[in-house]
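A lone chain, given as structure tokens: the form predicted on its own.
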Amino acid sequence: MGRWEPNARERLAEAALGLYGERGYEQTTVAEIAKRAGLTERTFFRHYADKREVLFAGSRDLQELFVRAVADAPENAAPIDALALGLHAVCAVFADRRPFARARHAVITANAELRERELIKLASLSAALADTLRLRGVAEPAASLAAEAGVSVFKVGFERWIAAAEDRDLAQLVREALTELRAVAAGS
């Protein structure tokens, strides 16, 4: 093998998801992932800290994108409107990733350790959004409530988006979930 492996990160992620789906997360080794990707274990560890990180590698970037979009919202935007801008930015990342998202979700829901990691990731996202809203001048508990609501809207839209029979795009489903949240909050 040469020193430079084109698309190594993507090849490793694809190989890992395939093996996790076939054999289960616990039964899959890093050596098997690397072999299926046509790479070495050393290359795997250049891209991922461990086999779990294949599933969570983009979490930090996604959180930064969401937070930045909320922070950059117009100064006079209501908290929920600032979060809507963040949601819109995040949805764009998933545009062509539905098969990956479905496979990833199936692996995570089948494993208690991975479900816990996913919950920690979402809690971290909510905390970062609440911090951002507080920096925008939103008082407590409104900042925390709005941040939790924004994460919930994303979760509801995402879970609908990865459903087997769903063909609408994530942005549409998130907008619908946000509209429902607004209706619930308004008492309609």
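Counting begins at 1, following the sequence as shown. Owing to the predicted nature of the structure, the values given are computational and were not obtained by experimental measurement.
The following text describes the form predicted together with a further copy of the same chain, which does not appear among the structures shown.
*Would you point out which of 35 to 43, 117 to 125, 22 to 30, 65 to 73 contains residues with a non-hydrogen atom within 4.5 Å of a further copy of the same chain in the predicted bound form?*
Careful reading of the contacts points to 117 to 125.
*Does any heavy atom of residue 142 come within 4.5 Å of a heavy atom of a further copy of the same chain in the predicted bound form?*
Yes.
*Contact of residue 166 with a further copy of the same chain in the predicted bound form (heavy atom, 4.5 Å)*: Output for residue 166 is no: heavy atoms all beyond 4.5 Å of a further copy of the same chain.
*asked:* in the predicted bound form, is there a heavy atom of a further copy of the same chain that lies within 4.5 Å of any heavy atom of residue 155, even though the partner is absent here?
replied: Yes, residue 155 sits close enough to a further copy of the same chain in the predicted bound form that at least one of its heavy atoms falls within 4.5 Å.
_Please tell me whether any heavy atom belonging to residue 79 falls inside 4.5 Å of a heavy atom of a further copy of the same chain, as the geometry stands in the predicted bound form._
Residue 79 belongs to the contact set for a further copy of the same chain.
*Heavy atom within 4.5 Å of a further copy of the same chain in the predicted bound form: which of 47, 134, 160, 51 fits that? Just give me the one.*
For this set of options, the contacting one is 160.
*Taking heavy atoms and a 4.5 Å limit, what residues of 6 to 39 are near a further copy of the same chain in the predicted bound form?*
Going through 6 to 39 in order - heavy atoms within 4.5 Å of a further copy of the same chain in the predicted bound form - there are no hits.
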